[in-house]
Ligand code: NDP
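Take a look at this single chain in structure tokens; it is the form predicted on its own.
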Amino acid sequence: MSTNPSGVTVIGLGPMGQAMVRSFLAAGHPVTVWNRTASRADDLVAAGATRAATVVDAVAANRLVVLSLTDYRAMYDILGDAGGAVAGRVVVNLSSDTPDVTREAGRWLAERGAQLVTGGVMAPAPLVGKDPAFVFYSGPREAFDAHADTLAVIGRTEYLGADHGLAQLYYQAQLQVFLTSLATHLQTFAMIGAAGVPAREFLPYAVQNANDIAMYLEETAKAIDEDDHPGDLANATMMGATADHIVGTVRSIGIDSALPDAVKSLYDRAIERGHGRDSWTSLIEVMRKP
């Protein structure tokens, strides 16, 4: 199978991988696909993609190889079977894992003559290729630049630097906000629900609260970067008392308290370390040095 200079290989055809393939095809890129369960490629082949019979064929088809897998362990399992076919390829791994794991993957691929660009897709599958979607990337600049236009098809590119771990760090930081926020809203609906109030009745207040939080972020970032935490408006002792009241309320109505307990623990430890009169932003010292 000859290498196509404008083509892209996509390995891993879950919902995200399939969405990326369709975006590449819509933009006119020849796409070769491979998946352990071959039937997942059927609809994509019908839409114009080329099914590779083996991993070796898939990797050999194009200089750009995009992985959409569960984690980086899956990359080793799959590309380990590709032998020397990975040499000369740019492997863009959009799977989720830790920064250290991605750095090790960069070394592993380099030993085999390939370059790794790590990435984190900040969009659900239905939004891939649409305006809200963007993707964090890090790795060798020349490898990213060579394929930046193609990668832009699946979402706005945000290149962060040569360190393979940076894209995953940004990605996991964003997911931390996402997962914790979702859990927080579930906790809130559980609290309201304990009084028989439907979630939809409380929804307008939850939405307003979520939107209002954004206005605190600029001053929070300034306080952290300048290491200055004046507590004249909302110090850790005052906010810690509120955290204690939330825990008390949650326990009194008989629902799980693990999440508010964790928040209260941050305030308790900040106060123990002498930050009681400092702003609530001083909690970052507890997070930095547990």
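It should be emphasised that the depicted structure is a prediction, and the values quoted were computed from it without experimental measurement. Note that residue numbering follows the sequence shown and begins at 1.
FYI, the form predicted together with the named molecule isn't displayed, but the following is about it.
Fill in: Per-stretch contact check against the named molecule in the predicted complex, the hit in 222 to 230, 240 to 248, 43 to 51, 62 to 70 (non-hydrogen atom, 4.5 angstroms)
That would be stretch 62 to 70.
Worksheet item: With the partner left out of view, is Tyr171 within 4.5 angstroms of the named molecule in the predicted complex by any non-hydrogen atom?
Response: Tyr171: yes, in contact with the named molecule in the predicted complex.
Worksheet item: Gly274 near the named molecule in the predicted complex, any heavy atom under 4.5 Å?
Response: Looking in the predicted complex, residue contacts with the named molecule do not include Gly274, since no heavy atom lies within 4.5 Å.
Practice prompt. Using the partner position in the predicted complex, report whether Ser265 sits within 4.5 Å of the named molecule, counting heavy atoms only.
Written response: Although the named molecule is absent here, Ser265 would stay clear of it in the predicted complex, with no heavy atoms inside 4.5 Å.
Item to complete: With heavy atoms only and a cut-off of 4.5 Å, decide whether Ser252 touches the named molecule in the predicted complex.
Response: Flag for Ser252 set to no.
Item to complete: Identify, from the list Pro124, Gly161, Pro132, Gly83, the residue with a heavy atom within 4.5 Å of the named molecule in the predicted complex.
Response: It is Pro124.
Worksheet entry | Contact assignment for the named molecule in the predicted complex, among Thr150, Thr157, Ser96, Thr184, heavy atom within 4.5 Å | By the 4.5 Å heavy-atom cutoff, the listed residue in contact is Ser96.
Worksheet item: Judged by heavy atom distances of 4.5 Å or less, which residues of 34 to 59 approach the named molecule in the predicted complex?
Response: Asn35, Arg36, Thr37, Arg40 sit within 4.5 Å of the partner.
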